[in-house]
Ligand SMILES: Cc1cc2nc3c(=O)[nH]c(=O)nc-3n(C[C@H](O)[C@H](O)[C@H](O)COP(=O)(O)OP(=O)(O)OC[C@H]3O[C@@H](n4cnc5c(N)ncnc54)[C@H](O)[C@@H]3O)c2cc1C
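A single chain, nothing else alongside it, follows as structure tokens in the form predicted alone.
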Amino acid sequence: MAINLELPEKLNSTVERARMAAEHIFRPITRKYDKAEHEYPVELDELGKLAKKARSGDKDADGGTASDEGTVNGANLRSVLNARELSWGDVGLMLSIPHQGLGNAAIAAVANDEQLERFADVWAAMAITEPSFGSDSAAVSTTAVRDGDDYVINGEKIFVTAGSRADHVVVWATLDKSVGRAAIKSFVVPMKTDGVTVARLEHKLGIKSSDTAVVRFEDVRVPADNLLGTPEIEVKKGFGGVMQTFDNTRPVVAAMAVGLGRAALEELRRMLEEAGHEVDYDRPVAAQHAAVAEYIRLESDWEASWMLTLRAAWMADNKEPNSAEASMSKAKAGRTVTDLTNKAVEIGSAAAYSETELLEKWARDSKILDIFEGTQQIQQLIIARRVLGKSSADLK
């Protein structure tokens, strides 16, 4: 079925709200919080309240159809549009908006109807990575042991975005290490629960306005109904349930890369035109200045990233399996934004390398978009498995 790339009217308000926030809230404070790592951006509190109110008003529209053919443009498309616009303003600040954590996406992907209602107002971080592994999510060693009406969780998680600010965290833990990946489940844990400790905050290359924490879980008790999805261990199914989270969040990360990439493209074009090099799409690339030719190449890669992101989000909204497409969008956008921002610094020369412009900051911020939610190598591995019809055991 063909995808109509014209933006549905019902999503215009989403784009407009996000664009206004990016321009009038994020951009004026972007350098301030880049220099004040770990300081909470208090300017986002009111934005968090507005976003929460807007989501409540959008709930009825998310499940609706957008065309006579019955195709749906819902929550996933709304999320990528929102991420694209906000990340044009500042990726770190986008990740710091209250009640819009990565854990919220995990809840939306896996929770049942009762859990969706119960956790509707939480701000949830997501805790997957551990000191012993990075992108290999199947290597989770944090344990969750059933004890009466509770699960008892023990383990340590690293690189938890919003780990010190969110009021809840979605924790990936194994019910039985001997069973392997099929026993990995996700749990919603209030951060105020006894035994939950923020051990430290990381100092990072980029997205400094976003906190990244190490969180420890020592005999943490949570109600059994805080387990997202089904508690049954289905060996044949693997851990497809929790992996649905990535099918939703990877296009959002791709959209973040697209938004940041657009910011860099706009600034690069301004610098080129100020230097007297106009971008002319009616002339052959080979007949134009080398910097202009490079700009056109970068812009075409950026356009391709956005098309892949739209496709992955559209498929998710229409309940079509999108694991390969989600990874394609993440791989393409992550690689493109790092290439784009670094080339922009290179072409912009001294002005782009100094703090008088934001290009050097965007180059630092961009790298994480090619790493978290699965590295470039992991995405390519997933894509290869889907294209070739191979299992994780067949193709490692």
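Note that residue numbering follows the sequence shown and begins at 1. What you see is a predicted model, and the numbers here were worked out from it, not measured in a lab.
The same protein has a further form, the form predicted together with the ligand, not shown here; the description that follows concerns it.
Could you check which residue among Thr245, Asn73, Ser96, Thr212 gets a heavy atom within 4.5 Å of the ligand in the predicted complex?
Looking at the other structure, the residue within range turns out to be Thr212.
Quick one: from Leu86, Val160, Val140, Ala106, grab the residue that has a heavy atom within 4.5 Å of the ligand in the predicted complex.
It is Val160.
Does the ligand come within 4.5 Å of any heavy atom of Val345 in the predicted complex?
The answer is no: Val345 has no heavy atom within 4.5 Å of the ligand.
Val253 within 4.5 Å of the ligand in the predicted complex, heavy atoms
Close contact is absent here: in the predicted complex, Val253 is far from the ligand, nothing within 4.5 Å, heavy atoms only.
Contact flag, Lys204 vs the ligand in the predicted complex, heavy atom cut 4.5 Å
Yes - in the predicted complex, heavy atoms of Lys204 and the ligand come within 4.5 Å of each other.
Evaluate Ile128 for contact with the ligand in the predicted complex, applying a 4.5 angstroms cut-off between non-hydrogen atoms, and reply yes or no.
Ile128: contacts the ligand in the predicted complex.
Segment assignment from 39-47, 336-344, 352-360, 366-374: heavy atom within 4.5 Å of the ligand in the predicted complex:
In the other structure, the partner sits against 366-374.
Residues Leu102, Leu381 and Lys396 all lining the ligand in the predicted complex, heavy atom within 4.5 Å
Yes, each of Leu102, Leu381 and Lys396 comes within 4.5 Å of the ligand in the predicted complex.
Judged by heavy atom distances of 4.5 Å or less, which residues of 329-360 approach the ligand in the predicted complex?
Nothing in this stretch is in contact.
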